[in-house]
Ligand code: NIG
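To begin, one chain is listed below as structure tokens, in the form predicted alone.
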């Protein structure tokens, strides 16, 4: 009987921690602990031991576990699995026709006004059975696992009525129960204003507060509550009402903020101790000042800005001010049809001028924090969940974001078991 999994002769074991941190801020984001010529031992789904190869013979691993499974990673590196703290990957169909509209020059808001955008996805989802929605979404989960993701947050928000929001959240639960990936669920009923409420937004806000939130909470289908607090969507006043209702039912706040304009969403997120505020394309000194000293993680979604041709947030300014930064994929059919976190790292370097060390911290420890799981995920530390991936032979960890179009992942290990 196999008693554990040992990876030996690791060229570089990345993101090692003796004293695990919850998040990494400011100038410390440019620091990345690693061990060259290393080994990593996993047992019972957890990281049990790691160190330099020269110390492996001194360890009791090989003597106490004669039936141990061993992987020789000569020339290869080992990373903690990516944590993707912002996705909408439970959806039906695709929206490539809107992609063509974008190429022709229509803005995100113009497409939405024509019935596209979120409302288009809501229509498709309404017409799709729960089983079919699960099949489509589970295929995306398997895709992101193969690309190195070991933990993912998934939002509802393409239902926009109680029955369809519950359908989405049940699918998220099925994914959690049937996949080795760590899953967190977010209720995002306040993703857009349904067509039937376009002239009575407050009635829809009341529906979210008085009907949706209590039912979602009663079935324990969500960990977080989110609101799209932005121009043309939900106001600060709407957002505060919805967050207060969610918090009353034990849901932790998250916010879509400042993607389309200065919306006040960042300030609202900090006020309600949101775990993260996400997007942040429109961020200035006032917003940065608000975030300093807070427990709220600024989360950047660079693929969305890239896909939509929007301005990038001032990440260098934010890091220089001492803030932590998380990078997530925003995997969704309209503005970021990818869950490839390695590509997200590359965008962080190319578009946001982040260092390789900064982007690695931003897609591991800091995104784990933005999911509320940095005590158990996001780094190589004894006692943490054994979610890691082995690269192909690469010259250095910096090569990962540098080779932006190459698949460099060789072996995926989740909860101490080889997945592929």
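From a predicted model like this one, the values you see are computed outputs, not experimental measurements. Residue numbers count along the first chain shown, from 1.
As for the form predicted together with the named molecule, it is not shown, yet the points below apply to it.
*Asks:* Using a 4.5 Å heavy atom cut-off, are 86, 118 and 279 all in contact with the named molecule in the predicted bound form?
*Replies:* Every residue of the spot touches the named molecule in the predicted bound form.
*Asks:* Quick one: of 324, 313, 159, 333, which gets a non-hydrogen atom within 4.5 angstroms of the named molecule in the predicted bound form?
*Replies:* Exactly one residue meets the criterion: 333.
*Asks:* Taking the shortest heavy atom distance, is residue 79 within 4.5 Å of the named molecule in the predicted bound form?
*Replies:* The answer is no: residue 79 has no heavy atom within 4.5 Å of the named molecule.
*Asks:* At the 4.5 Å heavy atom threshold, is residue 259 in contact with the named molecule in the predicted bound form?
*Replies:* Output for residue 259 is yes: heavy atoms within 4.5 Å of the named molecule.
*Asks:* Can you tell me whether residue 228 touches the named molecule? I mean in the predicted bound form, with a 4.5 angstroms heavy atom cut-off.
*Replies:* Result yes; residue 228 sits at the interface with the named molecule in the predicted bound form.
*Asks:* Check residue 204 for me: does it contact the named molecule in the predicted bound form (non-hydrogen atoms, 4.5 angstroms)?
*Replies:* Result no; residue 204 lies far from the named molecule in the predicted bound form.
*Asks:* Heavy atoms, 4.5 Å, the named molecule in the predicted bound form: which of 325-333, 128-136, 282-290, 142-150 makes the cut? Say which one.
*Replies:* Comparing against the named molecule in the predicted bound form, the contact stretch is 325-333.
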